[in-house]
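Read on for two forms of one protein chain; each stands alone as structure tokens, with the labels structure 1 and structure 2.
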Structure 1
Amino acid sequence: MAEHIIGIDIGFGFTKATDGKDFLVFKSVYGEAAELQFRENLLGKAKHDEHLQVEINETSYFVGELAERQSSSRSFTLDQNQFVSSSSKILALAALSKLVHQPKQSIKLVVGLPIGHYRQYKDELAIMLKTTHTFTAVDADGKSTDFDITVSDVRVLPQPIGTVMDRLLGSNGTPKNQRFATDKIGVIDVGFRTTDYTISDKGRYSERGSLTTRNGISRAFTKIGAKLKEACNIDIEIYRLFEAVDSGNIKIRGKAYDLKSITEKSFKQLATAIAADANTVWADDWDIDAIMITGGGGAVLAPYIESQLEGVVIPIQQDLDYRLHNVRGYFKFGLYTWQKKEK
């Protein structure tokens, strides 16, 4: 029987996961669960998907949007120091609670780590995940399901490599696009908080040419937010700006504000910094065949970055939310790794 394989990509902005069929995206935020007084949701069933709640070692957590809206105690975004030890486990189990349909099941996991954490934490993360996880998921109606999930094997990849795997491997996990197995490809992964640079040389991760900077999309959003604060004296959380920026305007207390020019300006500035870092970190890698731009921030910045890069850019496939390319690659890498072995 085919192994149950799940890919999980825990970013500073969003946690992304897939079992090859369904994709799950939620904000990488959790907090202690509060007693919900009114479970009845005014909007009915549609919102049920958003209810992410897990109990681990007798502590109950709200995860994602729910934590943001309901946790009485402060919800933590990912903190560098807590990243592997606690945050990643809570976020991973929350993802599993939605993607594993049998409460008692054995699975294999492929997860990504940010470039800056990869070398130091890859073993620790694998050891932490490769065990039997006993936890409880609570749904929107307050009904609990006890899980007993055995993770029998774990692979850890540097995050941006997922996008290369996604292009190299077909949906059944076999190589389909040889160019990604033979060429030297630079990847720029623009996330919420960070931008990661790395090189895939003949399908292998190269530590040389790898870099993490703080130039995530939140840099630009912070500027846009500051401008809005000047205009209407309201603090808007930056993660709320995505849709407003996408549509070009935002309505605050009934008044519309045009965001186009400030967005254009902030994106250009950020893209210039991102491209300049790429040109610097890969200055000696003149033999790079092509560059890919990925990550949720890549979706909005790619056109601005591309024009300033020294090199050829391969556009990523437009069939999927940019945030999900890495995790789809992890899943395919899982198929590639474990199906091959079983044959």
Structure 2
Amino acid sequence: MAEHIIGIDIGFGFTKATDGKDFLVFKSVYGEAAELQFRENLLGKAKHDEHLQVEINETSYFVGELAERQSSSRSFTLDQNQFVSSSSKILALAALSKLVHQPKQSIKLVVGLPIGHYRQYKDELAIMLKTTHTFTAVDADGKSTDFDITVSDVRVLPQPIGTVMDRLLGSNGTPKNQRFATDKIGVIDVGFRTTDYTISDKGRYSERGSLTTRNGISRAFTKIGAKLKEACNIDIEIYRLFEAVDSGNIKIRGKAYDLKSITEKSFKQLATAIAADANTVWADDWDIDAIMITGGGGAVLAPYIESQLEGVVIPIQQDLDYRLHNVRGYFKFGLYTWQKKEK
């Protein structure tokens, strides 16, 4: 029987994971767990991913929105070295606690890294994950489940390749879309901290056409936060701006602030920088057949970016949250790789 395969995309803004059936998305924030005196949900049943709590090496962590709500001190970083060494394991195990259904199980993982950090950190990340992980998950009622999960194999991909794999491979991991096997496709993956540019040339990764910049969506969020600081003299953590930017307004100490104007201005400026970088890094790749925009940031910036790109843009399928195309591609790549090896 084939081992359980899971794809995990540990991003600076959100961690995404899938086992091919269920998807999990939560903010890449964690904090030391507090003792909860009151566990009842006042307004109905909690969502699947609302209570994420894991105990690792005798330290208990709240993860995602639970940490944002309940932890007095929270960890959220945009530093890649700190992110890989300190955060990645906690976030990965939190994801596994929801997607691995047997407390003692062997699994295989596919994960991703930004292109600019891939060579430096891929071995470190693989070694960290490819081992037996003993930890405890605590649910919303306070019930503990001890896990003993052996990760028997890990594949680390450059992040944007996940979207290419998602379009190239079917749900069973076999090639389905010949265009992605025969054409030269540029991919712009707008993440929270970084934007990755890469080329899939007949299904092969192109080093020359690949680049990571720090023009992630957090750059726009930082400008929005700075404007709010001017207006109300309060520093707001950028990971707490997601919902506010999405809705177009925020309440601070009971007073409402309209974010629509500054958000649109910040997004347009960021989109211009991203498009300019793409046109520059792919200046010699005039034979690109088409360009795809992906990533959580790509979902909101695509309308601003498309008009400034030199090339034909392929619309991303609307069957899925933009943030999940990479991780679904990781899972499909895992199926393709390990099922092929078994056969």
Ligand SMILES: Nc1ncnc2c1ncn2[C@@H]1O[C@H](COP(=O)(O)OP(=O)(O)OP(=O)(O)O)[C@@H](O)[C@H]1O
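Sequence positions of structure 1, starting at 1, serve as the residue numbers. In this text, rigid core is short for the largest set of C-alphas that superpose within 1.5 Å between two forms. If you're wondering where the values come from, they're calculated on a predicted model, not measured in any experiment.
- Where the criterion is the form predicted on its own, structure 2 meets it and its counterpart does not.
- Put the two forms on the same core and the Cα of E264 is off by 2 Å or more between structure 1 and structure 2.
- Taking the rigid core as fixed, one finds a CA shift for N249 of 2 Å or more between structure 1 and structure 2.
- In a rigid-core overlay of the protein, R240 has its C-alpha displaced by at least 2 Å between structure 1 and structure 2.
- Core superposition places the C-alpha of S218 2.6 Å apart between structure 1 and structure 2.
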